[in-house]
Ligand code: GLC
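The chain below stands alone, shown as structure tokens; this is the form predicted on its own.
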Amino acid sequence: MKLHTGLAALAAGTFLVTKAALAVELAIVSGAVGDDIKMLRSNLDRYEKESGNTVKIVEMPQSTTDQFGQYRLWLSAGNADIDVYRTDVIWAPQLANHLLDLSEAAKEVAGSHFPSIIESQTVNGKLVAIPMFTDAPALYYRKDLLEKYGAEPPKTWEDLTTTAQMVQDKEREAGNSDFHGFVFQGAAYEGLTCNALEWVKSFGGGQIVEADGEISINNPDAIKAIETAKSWIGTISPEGVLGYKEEDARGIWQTGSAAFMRNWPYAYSLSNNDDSAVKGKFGVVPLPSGGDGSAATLGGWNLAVSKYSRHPDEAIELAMFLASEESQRRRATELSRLPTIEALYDDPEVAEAQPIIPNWKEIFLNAVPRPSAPTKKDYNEVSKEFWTAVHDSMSGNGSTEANFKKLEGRLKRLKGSGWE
């Protein structure tokens, strides 16, 4: 028996209904950011109604670093309790051996997704995860305050530094003593790798490790980029930013206490909620340039099926359902999550609900990948070494020049005769 969903993104246009007598219980593990869990539950309710199966959510901490560590432990142990994993765009090479190949299930719909994202989730010819939504960060700015003080959205990091300081000074003079110029993700975790890669790339300092595997991070442009960011600490950014993750930065921004914020698309709809102090008062532009153009780290989340699942067929159906056009449309319209299905950027319903999404396509298409492909299974260690060196430098624990020299040495030892 087949139940037609009317969703073009579902393989063959149909969704197999599991008979009540054969209904199974599945588990999906997912990190929790903003209203993502509520939306996931809503889509799972739709799936349960149509399939007869039930699905429980196993929630994870906000830190992607912590999520990955737990995933790797579960998969290495052959844990059969988790069927579907929500995976970061960079994890495919590291987890591929534990995941099912979705190529056959996705053969009718893979072409509707951006090719670069499908490629990022393909390892040794296997599609190990189906795209759920993509991500590319941007600069959020207070339109009302820039208009008030006669300033324009910054195009360079130098402009940002000057404008953020000016707005911060004037707001504090007006009595807002807790106001800050710029907030971002400065804690020692994967989020700092994303931020720092954008600074380094925009200054012409490369991508930490290049596509051919060459270690490039120890160069004058990269050092200048981190020194520029270091100058923000205690001036336009609170010293506490060195402990901020995405939600910490959004918390400061959404209470109206910052002129600028670097964050992902999810923060857009939340910032326009009725309880937000910045509702209707902000805009979004590409991240500033350090002289070599704007750079935004490619992010995004995908759905992978564990090869240890007791119900692989149903788990694959679930992953395909959550990655479908209708599921992506709901995430886009309600949460401003960027679709991986290109046609949705021209969808009138999406444009009406979230006018920023069609404009975000340009930011996404110019996004910079983290060096997970060239460094393969070593990526997590590469990233940790990088964010540690950056965090030490910004915290005043050694100079950036000295820290990057040490970083280069550590990465060379990690690489050895080749990345694995």
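When you see a residue number, it is the position in the sequence shown, counting from 1. In this text the structure is predicted, and so the values were computed from the model without any measurement.
Another form exists, predicted together with the named molecule; not displayed. Remarks below refer to it.
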Check your understanding: Just one of P93, P288, P131, G299 has a heavy atom within 4.5 angstroms of the named molecule in the predicted complex, so which one?
Key -> G299
Revision key, fill the gap. If we test each of D83, E171, E314, E246 for a heavy atom within 4.5 Å of the named molecule in the predicted complex, the one that passes is E246
Review point. Each of D88, C194 and W264 near the named molecule in the predicted complex, meaning some heavy atom within 4.5 Å?
Key: yes
Practice item. Please run the contact check for Y189 against the named molecule in the predicted complex: heavy atoms, 4.5 angstroms, yes or no? Key: yes
Practice item. Indicate whether D135 is a 4.5 Å heavy atom neighbour of the named molecule in the predicted complex. Key: yes
Check your understanding: Are any of the heavy atoms in S30 no more than 4.5 Å from a heavy atom of the named molecule in the predicted complex?
Key -> no
Exercise for review: May I ask you to state whether S51 is within 4.5 Å of the named molecule in the predicted complex, using heavy atom distances?
Suggested key: no
Practice item. Quick one: find which of 248-256, 300-308, 204-212, 343-351 has residues within 4.5 Å of the named molecule in the predicted complex by heavy atom distance. Key: 300-308
